[in-house]
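Next up: just one chain, as structure tokens, the form predicted alone.
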């Protein structure tokens, strides 16, 4: 007999832990949290590269119901996020539900038994009444398909598999990629490497990072009077909502805000880089927000160092001892760092195979019929299933606003299922279609469709050219709808 659970949660990052906390609040204690890595924390466990830190103020990048008054900085380093994840797991008694090294191959809905059958590599199948996937948006590392990369004789490190034992001091290092991870990493590598060459395909918008240590007096204030930290969170969230979210999602209405943000970033670049030719190479030719902007005080300045070189000519191939660009020049290196991000649209959404009613394959159905999920959590033909990192689910700039709005959706939905004494829920096709139409209509106001994003190469866009990750509404709207969505949008039986 297969092990039977009330619910299986795939993923032990902050999304999975949030889902498990909500399930326990609803009285579902027979849980299994399956995590492929060897510990909890998701991206904050996997990533350990130098310079790792949050790019959202720490008071905002945390659960609102579990504030941490002990952040050392306004933008906390990655190790503190890992420690915070461990604290949450301990306080909410989640560890006893977790199984590490559990690689989920897939899950299928058993219509006869009305439960999910979950396949875990090297282990017997398990069953669950409910299935929740919390595998995150950035969980499938992308390794670039560059000719000759397997022939490179030196050291190759992907940022998601950082080798702490490898000494970068004195190396001739190349970095491929200039996304948010590279912005944090490159200044650190420049301090160690004798020569650092950065291969840039697409420049990134960068604004100053107002990062300062949080004094012990403020930490004590947050601890003794939690209301003060809630005020700090509200202020930080409000600033992000007005400047960043509105400028991107409501581009049509507040185009001046978007243009002002871009002008601010260009002014910041001028203040750090005196060379006009170098500034031009570092300046995006797409609108602010087409690709996720980021924060740094020293990224631009790093390129003015004598040992740092920016290469914008495309890579032709990788030789055993270096990188050859399309113009025939070879740069000799001994270390290759891949800051090439994640593969969202080919191997994520979903990150595992999910088979619903009538044999419907979620991944194939999404790719054949557009990426979609009602309120960013549920899909027709997939009973008792919630996909927590899904199309149109990411609300605001902090992942925690997404997590907590989804927890409130769970509270309303599971509460109604329990009240009726029901066994299954499934969103109706009509409700799902109406939500998709509304999100598509709202996106017409965004920078993705109203601005110039053709050269951004942004992971926001899927293979159909749709920007189907972000929820194109205010963060407040996401919470309001999570609390008040029509219960008749679900078939509950």
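Fair warning: this is a prediction, and the values are worked out from it, not measured in the lab. Numbering follows the first chain given and starts at 1.
There is another form of the same protein, the form predicted in complex with a small molecule; it is not shown, and what comes next is about it.
Trainee: Indicate whether the candidate residues 138, 182 and 456 are all in contact with the small molecule in the predicted complex, with contact defined as any heavy atom within 4.5 Å.
Mentor: The answer is yes; 138, 182 and 456 each reach the small molecule.
Trainee: May I ask you to state whether residue 282 is within 4.5 Å of the small molecule in the predicted complex, using heavy atom distances?
Mentor: The answer is no: residue 282 has no heavy atom within 4.5 Å of the small molecule.
Trainee: Is there a non-hydrogen atom of residue 26 within 4.5 angstroms of a non-hydrogen atom of the small molecule in the predicted complex?
Mentor: Residue 26: no, not in contact with the small molecule in the predicted complex.
Trainee: How about residue 187 - does it come within 4.5 Å of the small molecule in the predicted complex, if we only consider non-hydrogen atoms?
Mentor: Contact check for residue 187: no, nothing within 4.5 Å of the small molecule in the predicted complex.
Trainee: Answer for residue 59 alone: is it within 4.5 Å of the small molecule in the predicted complex, judged on heavy atom distances?
Mentor: Residue-level check for residue 59: no, no contact with the small molecule.
Trainee: Looking at heavy atoms inside 4.5 Å, which stretch does the small molecule contact in the predicted complex, given the options 253 to 261, 300 to 308, 406 to 414, 172 to 180?
Mentor: Of the options given, it is 172 to 180.
Trainee: Please identify the residue among 220, 364, 230, 201 with any heavy atom within 4.5 Å of the small molecule in the predicted complex.
Mentor: Of the listed residues, the single hit is 201.
Trainee: State the residue from 197, 340, 348, 265 whose non-hydrogen atoms include one within 4.5 Å of the small molecule in the predicted complex.
Mentor: Contact check passes for 340.
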